[in-house]
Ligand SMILES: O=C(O)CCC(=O)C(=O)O
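In the form predicted alone, a lone chain appears below as structure tokens.
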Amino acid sequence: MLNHTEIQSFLENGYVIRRGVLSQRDIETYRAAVDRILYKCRIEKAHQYLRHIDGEKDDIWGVNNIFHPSIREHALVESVGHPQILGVIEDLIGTQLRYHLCTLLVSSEQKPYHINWHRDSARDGEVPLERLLARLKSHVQLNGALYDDETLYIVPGSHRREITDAEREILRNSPKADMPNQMAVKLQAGDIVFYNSSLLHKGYNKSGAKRQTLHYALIVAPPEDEPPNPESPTSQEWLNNPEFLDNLSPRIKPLFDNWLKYG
């Protein structure tokens, strides 16, 4: 599915963009599901796992744990197994995978959306080189655009090195400022960017444009002969519900089985 150049881009630059991989039918189906979720979150107040703008409880820019039964949408659950999502991730890091997170990123309604530069594993960006190199093929994070989206900013290649003095100065003192060598990831509806979460990145919807973005991550599962975690995961316990697990398609059920097995 991916060619050698695309795989090398992911390893060396920290990202690869696939253009037009979601069909118009996919886009319309997922938009309708997201609309229903946002109604439940914003109007019905049915879900507590939200990302708020600057602590404003009535303004959100994301919805975490979208497979919680309070807002679960079957189409989005199954979207994890979309050939242009799961197939690409398998090309990048292999087929022994486990679920990590599935979130929605959306446009805020009241205040501009602008979050600080960071690495997901360290808000201050300080990660030892050996740990960064160990994570080159450990996981894939993605943003799948359901509307045109220029919200993600990255510093290509920063996932392979420790931060520079100039980057450290920005992270400490002006974490929303322009970063040397930054790049806006420009997606049209149906495009997906797959990236390494150790990249220096931030979110900035400076135009205020409508945003609905699928934000998923899968990680490499331990070898099959590794003993399972004796304790089931304590977070997202609703994923351990037989009603959820028994209705998963064979394509994605191993992702959640591995999450439960290894924690």
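Each residue number is its position in the shown sequence, starting from 1. All figures in this text were calculated on a predicted structure; none of them were measured in a lab.
Absent from the display: the form predicted in complex with the ligand. The rest refers to it.
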property: Listed residue (Ile115, Val80, Ile93, Val127) with a non-hydrogen atom within 4.5 angstroms of the ligand in the model of the complex; result: Ile115
property: All of Gly14, Val155 and Asn196 with a heavy atom within 4.5 Å of the ligand in the model of the complex; result: no
property: Stretch in contact in the model of the complex with the ligand, which is absent here, among 147-155, 176-184, 131-139, 83-91 (heavy atoms within 4.5 Å); result: 147-155
property: Contact label in the model of the complex: Glu109 to the ligand, heavy atom within 4.5 Å; result: no
property: Heavy atom of Ile71 within 4.5 Å of the ligand in the model of the complex; result: no
property: The ligand contact at Tyr216 in the model of the complex, heavy atom, 4.5 Å; result: no
property: 4.5 angstroms heavy atom contact with the ligand in the model of the complex for Asp120; result: yes
property: Residues of 160-194 having any heavy atom within 4.5 Å of the ligand in the model of the complex, listed in sequence order; result: none
